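Given as structure tokens, the chain that follows is alone and in the form predicted on its own.
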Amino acid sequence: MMPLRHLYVHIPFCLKVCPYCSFYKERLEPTRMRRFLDALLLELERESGKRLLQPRTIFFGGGTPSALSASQLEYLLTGIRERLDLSALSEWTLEMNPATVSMSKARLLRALGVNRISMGVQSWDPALLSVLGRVHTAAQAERSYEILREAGFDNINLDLMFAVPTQTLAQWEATLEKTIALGPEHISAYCLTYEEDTAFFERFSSGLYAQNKDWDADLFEATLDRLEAVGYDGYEISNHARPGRECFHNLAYWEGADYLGLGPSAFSTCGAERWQNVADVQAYTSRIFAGESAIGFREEVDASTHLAERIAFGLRTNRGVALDLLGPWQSVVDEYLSEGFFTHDGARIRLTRKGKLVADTLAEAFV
């Protein structure tokens, strides 16, 4: 049995539900937390009995994992350490909201093995933080970053968002400059998208908000230009890192590796199987404690679908896709090469700057 090398843990609780976020999440309810954590550990025990788990990467996402108290985090992380062989672990990421960072929590995480933090700053502009419904202030985010450094974290990602309603180019440039000055090892810069089942989508549908793809593209290109100029490698369309500081957990997704997801709504892919747990905390915990499966959706991924997804995700990275995988789409490749969307070195196909501007549209040809 080949060991499974990548583990995702979904912590769906938030202090406040952001109006643009489409991930499964719930308002934090401390009274339900211990039962939820016990369910996570029990699911891990069951999965480790079915397959060989020796993770190289672990990623705690949400929701807001750092919304857990220090004692809750200690209980969960210690439980994971007791149940898993972590001898091969090289990257353990935990997402944090700046409003939930404290020195005691940061030092605890570092002591228990977390070595990478991804913090959702989104903007350094107070007005835009208000538009985004964030619970933290710009000053709080800066102090949280300082706390993480003081606690010993030397691998920090800061999440940023552009094309926010009312945002100007000057505001975005100021956010980039402030972030660069802090010197994180990794910067994720995402274009706001209007996802269904969010408050922003309702405002977009009603005409209160509008999207201008040309404006989005201008901000995207400004991002690439500035971050490349100061040494951040855009190793994926929305992700930029100092050399050797790429997020290896996310790279595993993009390269089509197997991974296991724990918690409500978490996805897993192992071989030809893909499944998702139920997106409901109460249903998830009830099923786990009843000895039932928490899976709400399962499918078989055939070879052609797996290849198409591997190409679509691979094209988003600066490694691109091996040319020999693209045989069935040779006419598409030739067309995109002639139109300047693709480039190649004889072995691999990569997106050009022009191609990156329409990456999602180009990927549709392979899916």
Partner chain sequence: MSIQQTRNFCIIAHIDHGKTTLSDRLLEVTNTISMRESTDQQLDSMDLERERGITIKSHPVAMEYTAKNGQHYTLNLMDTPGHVDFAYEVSRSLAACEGALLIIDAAQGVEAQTVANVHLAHKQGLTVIPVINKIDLPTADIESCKRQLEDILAIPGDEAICTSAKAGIGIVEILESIVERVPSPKVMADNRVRGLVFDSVFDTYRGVIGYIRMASGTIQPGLGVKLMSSNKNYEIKDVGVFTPKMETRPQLNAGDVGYFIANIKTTAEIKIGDTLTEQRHPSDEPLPGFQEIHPMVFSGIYPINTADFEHLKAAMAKLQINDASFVYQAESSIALGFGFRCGFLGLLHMEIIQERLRREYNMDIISTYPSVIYEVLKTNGELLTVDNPAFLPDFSVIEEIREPIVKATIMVPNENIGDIMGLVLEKRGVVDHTESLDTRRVMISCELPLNEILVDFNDKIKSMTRGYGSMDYEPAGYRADKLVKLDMLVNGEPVDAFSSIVHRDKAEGRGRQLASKLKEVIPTQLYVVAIQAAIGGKIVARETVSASRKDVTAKCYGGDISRKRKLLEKQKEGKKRMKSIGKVNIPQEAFIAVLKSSAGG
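Computed from a predicted model, the values in this text were never measured in an experiment. Residue numbers count along the first chain shown, from 1.
What follows is about the form predicted in complex with its partner chain, which we do not show.
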Where, among 98-106, 142-150, 219-227, 199-207, do residues come within 4.5 Å of its partner chain in the predicted complex by heavy atom distance?
-> 219-227
Do all of Cys191, Arg274 and Glu339 end up near its partner chain in the predicted complex, with near meaning a heavy atom within 4.5 Å?
-> yes
Please run the contact check for Ser238 against its partner chain in the predicted complex: heavy atoms, 4.5 angstroms, yes or no?
-> yes
Is there a non-hydrogen atom of Glu47 within 4.5 angstroms of a non-hydrogen atom of its partner chain in the predicted complex?
-> no
Is Val358 one of the residues lying within 4.5 Å of its partner chain in the predicted complex, judged by heavy atom distances?
-> yes
Classify Asn250 as contacting or not contacting its partner chain in the predicted complex by the rule of any non-hydrogen atom within 4.5 angstroms, answering yes or no.
-> yes
Of Asp85, Glu177, Glu292, Glu195, the one that lies within 4.5 Å of its partner chain in the predicted complex (heavy atoms) | Glu195
Select from 292-317 the residues with a non-hydrogen atom within 4.5 Å of its partner chain in the predicted complex and write them out in sequence order.
-> Phe297, Glu299, Thr305, Glu309, Ala312, Phe313, Arg316
